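Take a look at this single chain, the form predicted on its own, given in structure tokens.
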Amino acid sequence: MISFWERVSLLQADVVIVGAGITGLSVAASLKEKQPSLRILVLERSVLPYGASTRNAGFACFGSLSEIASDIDGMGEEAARDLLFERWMGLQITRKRLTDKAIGYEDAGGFELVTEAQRSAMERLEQVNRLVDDFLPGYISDVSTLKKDMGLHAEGNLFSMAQEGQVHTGELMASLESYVASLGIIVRTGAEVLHVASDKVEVRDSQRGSFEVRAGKVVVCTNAFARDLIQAEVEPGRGQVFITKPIRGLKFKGNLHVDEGFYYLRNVGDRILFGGARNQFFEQERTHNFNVTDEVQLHLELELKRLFGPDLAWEVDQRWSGIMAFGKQKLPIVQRLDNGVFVALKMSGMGIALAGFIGEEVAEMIN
């Protein structure tokens, strides 16, 4: 049962946001910055964000050469450029809002290993650089001479991406949570949303059962889990990762993209965090299940050995996964549905970069 006091003071808001990951909290922050008088309530089913916001690799990136070349072929130059700009601008917004120190940002550099089989992507270097020259001048360069110094053993050309860096995922989310709290935004965890409408959401918690929260507007930011609440062209994609124990003499520093970003690797101090291989197990990884699987984990281990060769000794310390959202194209879904509910979904594994921009976009729609 809900009391009178709860109903009139605690269970209604001008805007209710479903999902307290990086996108949901960025939407909340942008709304509050533009309209300080708004009462904003964010609802999250789990104690920690449920999806990928606290489970990702912490890449502050925009796109690699082979990925951008593939995007140009799939969606055209204009859309591919727009997506890159949104990622770049979104990261600038988040860095300015929270500060580099607070999110553990490091200008560590980004790299891609491109094989001879991807020769066509290498031949697009000039086209890609020209496409983003106004906001990422001199974006991609061939730095293959650095491979040996970085400890890379695998065949292929090495390209660098300017302005790419890393964040500490845990510090980023803790900082974002502190920031929205300082603005007076209320975040309630353990609140599973069962149903959404333009003016209310139905919530269930473990103690009270289900009840209604009244809203002036509702924004769904649950990414891969949105189809539990609305009709949306999104499907889940599990990203499995592992992190090694500290590695003596590790040379590699920065981010490494392989195979259009389907494999992603970075150093975390003197450890390696490695993930991906979803493209080798598409059907299996199209799931909401957070378990890690022997098949993917073994594949990742073999790939890491291929990349750095037999001389690099390492042991796995931890394994985990996160659930991302994908669709036919990589462009995010940011719109008002026919039923009046707003949605901000489908970050395609680029939530860290996109969230700041998406927050501004939703705030403009609701203004």
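Keep in mind the model is a prediction, meaning the values are calculated, not measured. When you see a residue number, it is the position in the sequence shown, counting from 1.
FYI, the form predicted together with a small molecule isn't displayed, but the following is about it.
Q: By the heavy atom within 4.5 Å rule, which residue out of L65, A29, I40, L43 makes contact with the small molecule in the model of the complex?
A: None of the others qualify; the residue that does is L43.
Q: Could you check which residue among V187, L229, L250, M122 gets a heavy atom within 4.5 Å of the small molecule in the model of the complex?
A: Selected option: L229.
Q: Given the small molecule in the model of the complex, answer whether the residues I22, Y50 and M324 all have a heavy atom inside 4.5 Å of it.
A: Contact check passed for all of I22, Y50 and M324.
Q: Does V180 reach the small molecule in the model of the complex, with heavy atoms at most 4.5 Å apart?
A: No, no contact at 4.5 Å.
Q: Just checking whether T94 would be counted as a contact of the small molecule in the model of the complex - the rule being heavy atoms within 4.5 angstroms.
A: No, T94 stays farther than 4.5 Å from the small molecule in the model of the complex.
Q: Should G349 be counted as a contact of the small molecule in the model of the complex, where contact means heavy atoms within 4.5 Å?
A: So G349 counts as contacting the small molecule.
Q: Indicate whether R319 is a 4.5 Å heavy atom neighbour of the small molecule in the model of the complex.
A: No, R319 stays farther than 4.5 Å from the small molecule in the model of the complex.
Q: If we take heavy atoms and a 4.5 Å cut-off, which stretch out of 216 to 224, 95 to 103, 111 to 119, 136 to 144 is in contact with the small molecule in the model of the complex?
A: Checking each option against the 4.5 Å cut-off leaves 216 to 224.
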